[in-house]
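Before any questions on how it binds or moves, here is one chain, the form predicted on its own, in structure tokens.
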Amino acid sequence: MTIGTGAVLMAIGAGIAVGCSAIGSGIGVGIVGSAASGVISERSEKFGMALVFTAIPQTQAIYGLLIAILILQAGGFLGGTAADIPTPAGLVAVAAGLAVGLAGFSAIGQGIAASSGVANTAEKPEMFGKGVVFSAVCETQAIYGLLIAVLMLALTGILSSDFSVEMPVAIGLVGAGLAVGLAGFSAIGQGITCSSGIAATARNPGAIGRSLVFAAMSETFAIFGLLVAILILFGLGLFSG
């Protein structure tokens, strides 16, 4: 069986999706896991709470894995029939991989916020819910990347193994993937703000509202990336069928 360029690009797209998002999740989990280990070294009864916070940054890798499986399924990799895939279809898979993979680095910010949640909840159990809320704020960038990746695959027909997408459209989608994916790095700054917000709320419960406002300011940059990605999809005519 001869493997064409389109199949190779699809494999690369799946690799970017799961590889980049796994790097982000790995670093994020490592940051919060380090704080969790410090907490349970002195208070072993806090293991369950620490485990919940440590699991939060793992979702980005799950998003990347989901997109990778969708790409491999659509391309026939799971059935061993990936030979005849046009190059533009493979390029769409790369674009989807960039969207969800790069956005997966938002897990680093989530890990920073969650580490503060672990430390403060260990001292004040009533901070658990608030710590989870602040940590979850950084998830939105990853959701934006997942949304755009799914839209790319669905609107171009890749999900239904319709590989009739044209090359100019496929190249344009790479731009959309970069827009929403790179904008996802804003979650790192948001995580730093959320970390301080958790500490501020632990000292003064009335500070939660204003701290969330500060945290939301970093979100605007991710929304810029999402908006540009949607505009690219619209401009390429994907929403008009």
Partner chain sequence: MFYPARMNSVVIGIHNRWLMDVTSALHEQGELEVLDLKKGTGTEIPQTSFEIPRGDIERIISLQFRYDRILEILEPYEVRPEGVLSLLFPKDSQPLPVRYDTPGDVFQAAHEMLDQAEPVLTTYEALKQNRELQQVTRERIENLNRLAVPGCSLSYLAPAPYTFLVAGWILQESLPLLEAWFRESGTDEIYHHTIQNGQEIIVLCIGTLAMRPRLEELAHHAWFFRITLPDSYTGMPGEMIRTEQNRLEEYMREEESLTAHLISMAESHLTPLRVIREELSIWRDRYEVSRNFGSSRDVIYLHGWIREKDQARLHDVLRKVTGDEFFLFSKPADPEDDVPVRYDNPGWLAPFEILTTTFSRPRYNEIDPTPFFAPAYLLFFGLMLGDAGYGIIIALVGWLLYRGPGRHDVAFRDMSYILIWCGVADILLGTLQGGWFGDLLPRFFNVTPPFVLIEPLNQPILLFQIALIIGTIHINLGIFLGLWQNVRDRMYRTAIMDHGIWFVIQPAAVVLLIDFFGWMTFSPLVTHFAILGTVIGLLVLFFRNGPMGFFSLTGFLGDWLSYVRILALALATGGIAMTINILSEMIASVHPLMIIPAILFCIAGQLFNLAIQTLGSVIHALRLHYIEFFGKFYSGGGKEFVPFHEHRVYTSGTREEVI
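Positions refer to the first chain, counted from 1. Note that the coordinates shown come from a computational prediction; the quantities given were computed from them, not determined experimentally.
There is another form of the same protein, the form predicted together with the partner chain; it is not shown, and what comes next is about it.
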Exercise. Can residue 120 be called a contact residue for the partner chain in the model of the complex at 4.5 Å between heavy atoms?
Worked result: no
For this session: Indicate whether residue 146 is a 4.5 Å heavy atom neighbour of the partner chain in the model of the complex.
Result: yes
Exercise. Do residue 198 and the partner chain come within 4.5 Å of each other in the model of the complex, heavy atoms counted?
Worked result: no
Exercise. Could you tell me if residue 12 has a non-hydrogen atom within 4.5 Å of the partner chain in the model of the complex?
Worked result: no
Seminar exercise, completed: In contact with the partner chain in the model of the complex (heavy atoms, 4.5 Å), from 181-189, 168-176, 33-41, 50-58, is stretch 50-58
Problem set entry | Within 4.5 Å of the partner chain in the model of the complex: residues from 137-152 (heavy atom criterion) | 137, 139, 140, 143, 144, 146, 147, 150, 151
